[in-house]
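First, one chain by itself in structure tokens, the form predicted on its own.
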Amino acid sequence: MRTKLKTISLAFATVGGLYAQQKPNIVLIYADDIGYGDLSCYGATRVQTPNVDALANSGLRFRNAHAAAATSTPSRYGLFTGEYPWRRKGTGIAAGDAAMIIKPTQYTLPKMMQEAGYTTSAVGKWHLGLGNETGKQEWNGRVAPGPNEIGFDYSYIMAATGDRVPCVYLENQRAVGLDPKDPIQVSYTKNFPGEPTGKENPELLTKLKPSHGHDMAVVNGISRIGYMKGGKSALWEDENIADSITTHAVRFIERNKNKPFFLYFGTNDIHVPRYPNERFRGKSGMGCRGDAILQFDWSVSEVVRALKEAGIYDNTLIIVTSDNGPVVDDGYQDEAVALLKNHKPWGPFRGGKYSTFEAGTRVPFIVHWPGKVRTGVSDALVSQIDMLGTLAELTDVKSTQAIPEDSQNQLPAWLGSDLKGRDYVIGAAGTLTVLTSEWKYIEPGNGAAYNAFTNTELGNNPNDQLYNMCRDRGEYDNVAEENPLIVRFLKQILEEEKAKGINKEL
């Protein structure tokens, strides 16, 4: 089988002449906080996602796929570096003024794609920090290091994430539309004199009000985390974020249709604050969260449309997935809880975003490539940590830099010829987990068992937890005491992984 796959890889690695465009374009659509049960192709009935469904129906839909962590920043770190985020200090949820977490010296997915002859682009949510020092970014000039320094030729990104300041787009690491006479100032320690906040000026919250936290700087009628002053002409409008980043993703496709490209498209949907465009508001019957799912589906349709109009749809590998599991109330009064009713964002699993339980990292994962990917459904165990190793195999990169051992070549599973996938995946949400095709072990943890703000079971327990995922995918029957040998085996795997070392650079 490896020989067959190598032949496929070499065929697409040929460059020059008529063969140059046989290299597949690669589009990675990375949703934010979309859970296993949020898409209709994964069983949702109260909300419909026909454009994602179309890719799933003509591609391969995975039922046992995992993000590298149960929150945004570490998942993105693992996605781009191929290194489990728990191996590196400082990969937790990044503040809006955090320093760049991925170092320019690291080997990354976009650097690998450049080596393979691809033009690379990052569009949308970033949330990996920028600059060399926390809190010392020069927001009024070129902020570096940033996407370019880790391998992206072009970038149009949100400076951090939707609920954190600064609320501006950066194109090639410069604030878009900034008036130099009104410079941006950012602080995560104290407010600027005279600047209103959501806590002290609730009358200014004309679009969304916070349910917990998120009561600092007011931007676009919504209060955020962190304080900000200036940059008025550069501030985004939440209802137009999807339009803006989708337009820039489409433009990148149109401008690079005649050469192989890699596009990372990180959507803001469906992260808070959820305030979709009026085209989608009120359409789902599930409040802003459901409407944001419809908006995400529209973004997918626009990317597909652009590929088809450019004549490169059949020669493009499209991956649709999410950075972590779902959360319903993540800090704003957007009716998500009241209108959820029988919709189950977590699907048949327990937990959600922030949780060691399965819904924390088990996410939608769809691979679409006409004529190359087997159509249907796969139960192979796959992980986003393998993006680097798998795409290196596909593009036949002969790099002088080593791909991290964590990132495996899982091309056979992603194309659908291997129905097993990984032997195990390590998950992270405070404590670590080991998941095989049958068993899940959660190491003891002293953290809180429940997050009352988000109504999420975090899965922390001072005792060993073991679940038979074939019989108890809801993780309610802890069978650790009855299966000491399985516990010992999985603990040994975890200890061996830990023994490979923690990267202490940050």
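Residue numbers here begin at 1 and follow the sequence given. Computed from a prediction, not measured in an experiment: that's the story for all the values here.
Note that the form predicted together with a small molecule isn't included here; everything after this is about it.
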{"property": "Candidate from Arg422, His214, Arg350, His248 lying within 4.5 Å of the small molecule in the predicted bound form - any heavy atom", "result": "His214"}
{"property": "Proximity to the small molecule in the predicted bound form, single hit among Leu170, Ile225, Ala98, Leu307 (heavy atom within 4.5 Å)", "result": "Ile225"}
{"property": "Partner-proximal stretch of 456 to 464, 42 to 50, 440 to 448, 64 to 72 relative to the small molecule in the predicted bound form, 4.5 angstroms, heavy atom", "result": "64 to 72"}
{"property": "Partner proximity in the predicted bound form: Asp33 to the small molecule, non-hydrogen atom cutoff 4.5 Å", "result": "yes"}
{"property": "Contact label in the predicted bound form: His271 to the small molecule, heavy atom within 4.5 Å", "result": "yes"}
{"property": "Partner contact for Phe265 in the predicted bound form: the small molecule, 4.5 angstroms, heavy atom", "result": "no"}
{"property": "Exercise: Thr321 in contact with the small molecule in the predicted bound form, heavy atom 4.5 Å", "result": "no"}
{"property": "Check all three, Ile93, His127 and Asp330, heavy atom within 4.5 Å of the small molecule in the predicted bound form", "result": "yes"}
